[in-house]
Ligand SMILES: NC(=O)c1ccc[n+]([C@@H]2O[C@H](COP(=O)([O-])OP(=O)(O)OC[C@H]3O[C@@H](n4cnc5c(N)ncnc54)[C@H](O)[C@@H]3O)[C@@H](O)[C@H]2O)c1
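The chain that follows stands alone, in the form predicted alone, written as structure tokens.
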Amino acid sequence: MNSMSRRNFLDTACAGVLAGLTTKLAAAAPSERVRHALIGAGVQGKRHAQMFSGFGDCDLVAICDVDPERRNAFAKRLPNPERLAVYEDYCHILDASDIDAVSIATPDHWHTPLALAALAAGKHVYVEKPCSHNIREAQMLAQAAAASGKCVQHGTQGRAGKAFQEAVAFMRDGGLGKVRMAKAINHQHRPPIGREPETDPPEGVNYDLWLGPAPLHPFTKNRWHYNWHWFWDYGCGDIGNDGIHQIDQARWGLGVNLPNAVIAAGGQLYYNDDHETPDTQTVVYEYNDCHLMYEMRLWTDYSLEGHDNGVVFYGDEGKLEFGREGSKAIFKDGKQKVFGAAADILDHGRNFIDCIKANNPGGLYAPIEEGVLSTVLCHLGNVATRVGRKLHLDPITGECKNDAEATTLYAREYRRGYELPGMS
């Protein structure tokens, strides 16, 4: 997608939506040390805290989470807890003029609202995947990031892998001949979550703040830590939780952006519990001269084509694989070319810090404009699954043609008091 086409896609969102966002540009990037803060102390938040506190030129100075038990226990395990600010409300972090950057590792429905607020406060942002809860949010975030001039890294860390980078260059140079298809594989066993009754939230938890823009709903344990992924109000299912890594790598390797059409099927073949999102899903993204296929099963503990989570590219001269063990090409004559090990999230975080210090958003491995496109593919897969029919798209803007029901799922209603900038 050329720069004009990408801009057309991003500009498709209502032009007035960002009118209320006043971006504060920092005078200069930190030259020696980056002061970093974390919003969200769950599974991925812990990885962020360990990563950024381990860099010699980065100080983790604050964490935020609405669960007091989790945030306090978490803070005690970090280096120098006596010098670490601990908050319930993220506004304390955004108001701090001496904090340079933030990690956003909250539930999905908070990713874009917090990223927009952080950019408006003049912070650099590392936002976990998927960067948005819906397509309109993704468009808004990309616009705001471009206007801010800040480093906004997306949590698709596979792009940090040198072996993957070399393998993509190999394919782009014709090493596999014409690559006509990529399969993004997400196979694993996620146990059922059962059924949980409505109860009061845990003592001390600011449940209203946790819900944020999502509709009011009584607390249940299954709509709480981690299991929120499986409810449409907060998460995007496993295509947005885990499959986005493989979809992003497949799109990267194919060199494509938005498709001409999306066809999908999915549902619950395994779960009979509180889950709303699919445990089984297949999505095909149609491009002019190739297809990208996503295949997900959450009830298998065995691999497909040697992978649980991985990508296989199919070319005229052979296939090339991305997986947990790294990347290799297997040619029709049986010969192989090994590229090396898979990515490490430490490389991704290191890249973020280096780009902040150099004031160089263009050097990011997973800049938000790429994260937005892969996130939108995940959302399109869910939209096609939910409406149960093929989506025909404008590949420049991403808009769905002649399908009002599908277009409705491009956005959401925001709870009063938690509207996005320009929506109040």
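Computed from a predicted structure; not experimentally measured. All residue numbers refer to positions in the sequence shown, first residue = 1.
Keep in mind the form predicted together with this ligand is missing from the figure; the text below concerns it.
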(message) Quick check for you: of 117 to 125, 220 to 228, 177 to 185, 282 to 290, which stretch puts a non-hydrogen atom within 4.5 Å of this ligand in the model of the complex?
(response) 220 to 228
(message) With a cut-off of 4.5 Å between heavy atoms, is residue 366 one of the residues that contacts this ligand in the model of the complex?
(response) no
(message) I'd like to know if residue 100 sits close to this ligand in the model of the complex, meaning any non-hydrogen atom pair within 4.5 angstroms.
(response) no
(message) I'd like to know if residue 398 sits close to this ligand in the model of the complex, meaning any non-hydrogen atom pair within 4.5 angstroms.
(response) no
(message) residue 271 versus this ligand, in the model of the complex: is there a non-hydrogen atom within 4.5 Å?
(response) no
(request) Name the single residue among 34, 380, 355, 66 that comes within 4.5 Å of this ligand in the model of the complex, judging by heavy atoms. (result) 66
(message) Using a 4.5 Å heavy atom cut-off, which residue among 341, 209, 147, 169 comes into contact with this ligand in the model of the complex?
(response) 209
(request) Go through 42 to 72 residue by residue and record those having a heavy atom within 4.5 Å of this ligand in the model of the complex; state none if no residue qualifies. (result) 42, 43, 44, 45, 47, 64, 65, 66, 67, 70
